[in-house]
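Below you will find one chain, with nothing else, as structure tokens; this is the form predicted on its own, and questions on how it binds or moves follow later.
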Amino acid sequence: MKDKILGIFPLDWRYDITSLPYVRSVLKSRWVPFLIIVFNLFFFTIILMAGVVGGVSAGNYNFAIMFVWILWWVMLMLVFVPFFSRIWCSTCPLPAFGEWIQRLGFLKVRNKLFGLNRKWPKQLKNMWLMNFLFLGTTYTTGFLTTRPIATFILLMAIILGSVVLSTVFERRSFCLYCCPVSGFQGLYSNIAMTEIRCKDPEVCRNHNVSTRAKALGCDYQQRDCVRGNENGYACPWLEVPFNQNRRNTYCGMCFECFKTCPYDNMAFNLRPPATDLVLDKKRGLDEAWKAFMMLGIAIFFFLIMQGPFGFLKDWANAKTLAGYLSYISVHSTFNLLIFPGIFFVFSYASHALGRTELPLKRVFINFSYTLVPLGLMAWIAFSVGIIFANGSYLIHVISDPFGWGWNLLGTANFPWTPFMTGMVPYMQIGGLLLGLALSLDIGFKIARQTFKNRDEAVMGFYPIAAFLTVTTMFLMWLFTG
């Protein structure tokens, strides 16, 4: 019997979206995603300007804050990541300047890139740096959501960082290992219902490769998707696109492999959710801690922005230096030590009950991936509470983006109007229960990989199932009161 997600969707089911008329030709065009990047760049230019000229205006009435932390963030969590993986990375305008400098152009293919093109340090080829950079940005959440100039500084730091690193390191090294947004997109993209993979592995294996390259064991480097050709660039994300064991984690969905493949052997697949989480390759502590941090930060963000504890909001907004330092200390300790430590205790119980020969570290890492579906659903629940309560501010600021008294679309006087707030708790509960169901389903599949037989897998999974259930109940209580 084939393994299924939630007992419904076969793990190996795929539908190639590029089999639809014209879709493949669109993705092979060099105008994609260039035109979308330019479109997004237009809006982010307005956002940057609003961050400066509206630097002292109230956050709710500032274009930069509303469009970045209300619209963009909610779209990222509700639509982009769960349905289209890292599709935002392919259209993000912030690293575009660095990439255009590397390529010394916009559309014409020039595979000899400008810059030093150095390899990223091997010891940093993981999520650890992104974990700490993302945690660092959360220290400023009280500023980012209330002070437009803080949003401007953050976005400019990402732009300048990408430009500098693009002249030193190869291809999209900044996006792979530094961008604070990239890490959680990479982790949560394992749940996504789309993927880029090769259609037929045999076609890639039989790709014309020199005898010398095969003898040296580096034949994969001769594939067009890896080295580039006149139609497209070598994979900017340093992936081996035809590797069937890879996950969405580090694929930027840029579609360069569609442009370079001479056999049209790449597919943009629709698939069941969370299938990458079942792959037992390349699981690591860096991704485990990202899972802990993202769920922990979601809890803290809710308490700060929507919770009843006014002192936490004061701490995050740095009303006093002592309060702000307390916020950083409590926030960091919970996400880096306490939450992972609690999960470690449950992993220890799982290791003992399941009597596996695998080391405890491996059990801890494997089961940490069960937090990914629940974590994403926690962020979706948080985002639903934000957009339904505050989305009407977007209607106001789009008519007066710089706070200059304009009324471009006739909506500048649109009042704050919360929408369907009575339905929000039910949406949040439904989403969290779906996340729990998916986490439990994935968790038992991981248990079967971790323990020798089904009985031991059942015993070993009991503590993890208990942890997931209690955590979900806590989140439901937290979000719905």
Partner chain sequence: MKNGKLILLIIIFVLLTSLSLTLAQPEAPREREITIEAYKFAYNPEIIEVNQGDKVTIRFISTDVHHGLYIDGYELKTDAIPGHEGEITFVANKTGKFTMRCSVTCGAFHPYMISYLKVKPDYRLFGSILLALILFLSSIVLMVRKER
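The shown structure was predicted, so the numbers you read here are calculated from the model rather than taken from an experiment. Numbering follows the first chain given and starts at 1.
Omitted from view is the form predicted in complex with the partner chain, to which the following refers.
Taking the partner from elsewhere, Ile429 is found to have a heavy atom lying within 4.5 Å of the partner chain in the predicted complex.
Taking the partner from the other structure, the partner chain in the predicted complex has a heavy atom within 4.5 Å of a heavy atom of Gly307.
In the predicted complex, the partner chain sits within 4.5 Å of a heavy atom of Ala389. Using a 4.5 angstroms threshold between heavy atoms, Ser90 stays clear of the partner chain in the predicted complex. Between 352-360, 146-154, 321-329, 273-281, the stretch whose residues reach within 4.5 angstroms of the partner chain in the predicted complex through a non-hydrogen atom is 146-154.
Contact check at 4.5 Å (heavy atoms) against the partner chain in the predicted complex: all three of Ala437, Ala465 and Met473 pass. Residues Arg454, Asp455, Ala457, Val458, Phe461, Tyr462, Ala465, Ala466, Thr469 are the ones in 452-470 with at least one heavy atom within 4.5 Å of the partner chain in the predicted complex, listed in sequence order.
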